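Only one chain is included here, represented as structure tokens and corresponding to the form predicted alone.
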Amino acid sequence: MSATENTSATKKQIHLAAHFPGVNNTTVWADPRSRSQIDFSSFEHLARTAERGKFDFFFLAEGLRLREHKGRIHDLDVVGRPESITLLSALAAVTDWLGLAATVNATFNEPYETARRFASLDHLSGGRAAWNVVTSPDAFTGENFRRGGFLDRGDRYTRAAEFVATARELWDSWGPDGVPRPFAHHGQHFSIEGKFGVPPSPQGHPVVIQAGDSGEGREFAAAAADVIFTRHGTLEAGRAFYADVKGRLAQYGREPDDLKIMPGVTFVLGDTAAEAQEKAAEIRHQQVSPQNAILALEQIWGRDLSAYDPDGPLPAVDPDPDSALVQGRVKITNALEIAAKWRALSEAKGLSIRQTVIETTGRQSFIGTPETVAAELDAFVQGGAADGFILVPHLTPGGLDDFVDQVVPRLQERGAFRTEYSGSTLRSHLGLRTPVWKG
């Protein structure tokens, strides 16, 4: 895609966030530069790099149970690392400006405790806290909790919406005079009353992030979120998503700038376009090893396919829609449709299992020289496809270094990205209004 540089003083500014890698096969663990996803030094390195690059925030995904594949712990998992808010509280002490976003599940937590933890993080960080609200669909994860995984899809979003509204009631229960007032919430999912134990935090409310592309997720984001974390691979798809979600805001009394749309993206840089493409192909082959190709296929097919050759053809047998082979993942409800598409692609291009998985499971979003990548990122934002990006590097923890050193200066030269922080809170970085007290 091409980009035309807008040099006007009103050029839309790009927002950037750093996603700590380690999810699924995104991270190339075999690379000798890859380091621990447990040691604090890894998190500190990425956070300091993001702050050096003037990023808006640092983002941590989280799960609540180690996933299983064929009855064994899945070894490509984000769950096996420190709890997010604890970790971000430590990072607050070694950063000064960077926003700190933690993922906390609304299905298996409670509003009072969650509101208290995020208000505390907001105080400790001087107004830099953000809450990524997620829900959980499965009883497998629920076994770790008293409640169990009993909520269906619709109820999960209903509970999440009430959860966020209740947390905001708690944050608002302290008045501008600094005096706590009694709160009382009695709804479908929560019935609580008392006094909230933490004074108003520096940015009023922590920033609320919602991740999801479904219709329910889009509606929830339009009603309640400050940022939506999404995925779309083309400029056209991004524009369609952007227009759809922004178009939903007015019915909730909100303005377009009240919700920032930030897709998760990957990148590969090279001194030339050819070098970048070569590096991208190498990374994809490292991410989708022969073992990983079979694992990815089994997640779709729901069958033990260990006897298949990753360099051979796709299975002729259809997926098992009732399989319990994989536990802890969102259940794939259209496995037959996906299998049909993969078979058609494989037959049309003569692809093996591994080649098909490489082709279908997420190419890098932006590949090229630093100047080209900067231009394409700018084109997405100026073209109405995004407000910014959550970058997911393929290396822990140094995968963001080249982007900050080579792409950020070019974005700044284009007038599309800050050269210094202009405020101290995450809301100020994102250009979000301070919440109006509703006590």
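Residue numbers run from 1 along the displayed sequence. The model shown is predicted, which means the values in this text are computed figures rather than measured ones.
Separately, the form predicted in complex with a small molecule exists; it is not shown, and the next lines address it.
The listed set S365, T135, T114, T356 contains one residue whose heavy atoms approach the small molecule in the model of the complex to within 4.5 Å, identified as T135. Comment: the small molecule is not present in this chain, but in the model of the complex one of Q251, S214, T333, S306 has a heavy atom within 4.5 Å of it, namely S214. The stretch that touches the small molecule in the model of the complex, counting heavy atoms within 4.5 Å, is 60-68, out of 43-51, 372-380, 60-68, 404-412. Taking non-hydrogen atoms only, R153 approaches the small molecule to within 4.5 angstroms in the model of the complex.
With a 4.5 Å cutoff on heavy atoms, R231 counts as touching the small molecule in the model of the complex. Taking the partner from the other structure, the small molecule in the model of the complex has no heavy atom within 4.5 Å of any heavy atom of S201. Contact between T103 and the small molecule in the model of the complex is found at the 4.5 Å heavy atom cutoff.
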